[in-house]
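Coming up is one lone chain in structure tokens, specifically the form predicted alone.
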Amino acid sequence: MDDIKLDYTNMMASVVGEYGIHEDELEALRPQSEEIHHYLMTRRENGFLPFYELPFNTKILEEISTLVEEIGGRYENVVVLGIGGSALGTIALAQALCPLYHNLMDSGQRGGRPRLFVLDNVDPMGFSQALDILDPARTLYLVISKSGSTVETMCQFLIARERMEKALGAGYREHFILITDPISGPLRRLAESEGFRSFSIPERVGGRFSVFTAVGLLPLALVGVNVQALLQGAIAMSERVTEPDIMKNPAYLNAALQFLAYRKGLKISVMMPYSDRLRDMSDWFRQIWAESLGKKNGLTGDLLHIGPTPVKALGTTDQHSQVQLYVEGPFDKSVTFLIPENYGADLIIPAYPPAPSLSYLEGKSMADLIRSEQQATEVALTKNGRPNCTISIPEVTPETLGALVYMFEVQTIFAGGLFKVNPLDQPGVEEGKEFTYALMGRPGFEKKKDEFERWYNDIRRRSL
């Protein structure tokens, strides 16, 4: 996928000055980069990084295609019950690859495909209102949790299951598909004991790297996304992002640029798509970047407290919100623009004689405007010494999005090597989960409940 381009001109010191990166700094990373590459490829060959192989898995495509054909137009609604990596990839790719107002279209306009709802929170108002508008007889739930014990997802499942059973009787099981560990965990046991249909998340594939499994592919296929093309895009990108030379590999190079920017004090990584369709790629990227790289301890156990902070922005919306801070605030950010060269639609701005001050817009297009806005922001940042880079894709298609996701996944894994952290674990998340289990009375977490009491109830609360 050579037509995805990384323009890093404005990351360089020769353009932006003090906070930019020097050529010799990139060169100095070559020995370390070669070591990381060799390590990653060895781990891949030994089966410890299976996310690399996911786009090449034809079996999952066959299974999903069979299911989609089997259930046809049976369901009006597909509901994803999941959180974090079980939801964000689906949200990002559905936003990009379905019509923007897919759920507002009638069935004919959607080609008979169902509406998609991703319920990734346990706010009782939000969840209850979603359930209230969904016809049980026309709704399919995808319950997604690798462990099968994610407390938010299990809460959602139990409530939805009860409501569906009351409405539909014993046949309610046909309205649930469980996506979980292939061997163990509560959801896997339920699939086996209760007869729920199920798909497996491959071993050693964590949630934030799971979009090319049934986690993302099944809901996307059900609503009409060409998931085969999505995987083909990732496959097309695979050769570029396994190139050992850091200056020829866009994933390695962008990781290196972000790492070097971090070392210069630019510890906030802003991703700013100039496209409504690409808007939620920032949310997906925020998780994979933050959860993979934000770590207390390094690979050798040393105390680091390290990691870039990802921030999402949207062009042009946030030119009227955040860009003031980016241009004139502290020197602690680098900005990555994400742009399509072809927006897939355009509108010509008409003349309006009663408003002569607007005549300069006559005959221009909305695409001209959004491109000009992005370029203007880029130059304003650069002029003020703010490092930024641009990732451009020819257009928003399943192929380009598959390639982009795969590039960012490899970029993250490689960055883990540069930051000297394990990009596949999330110990900071686990402790919060354990405290939640304790507060909700899960057996085996009594000591965590005592620890929580010491930290929360046994100190003097201050409030106004």
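Since we're looking at a predicted model, the values are computed, not measured. Residue numbers run from 1 along the displayed sequence.
In what follows, reference is made to the form predicted together with a small molecule, a form of this protein that is not presented.
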query: Contact of residue 238 with the small molecule in the model of the complex (heavy atom, 4.5 Å); finding: no
query: 4.5 angstroms heavy atom contact with the small molecule in the model of the complex for residue 83; finding: yes
query: 4.5 Å heavy atom contact, residue 426 and the small molecule in the model of the complex; finding: yes
query: Touches the small molecule in the model of the complex: residue 213 (any heavy atom, 4.5 Å); finding: no
query: Complete contact of 277, 282 and 312 with the small molecule in the model of the complex (any heavy atom, 4.5 Å); finding: no
query: Stretch in contact in the model of the complex with the small molecule, which is absent here, among 121 to 129, 202 to 210, 259 to 267, 346 to 354 (heavy atoms within 4.5 Å); finding: 202 to 210
query: Answer option from 147, 384, 365, 372, heavy atom within 4.5 Å of the small molecule in the model of the complex; finding: 147
query: Residue (of 287, 377, 390, 198) lying close to the small molecule in the model of the complex, criterion heavy atoms within 4.5 Å; finding: 287
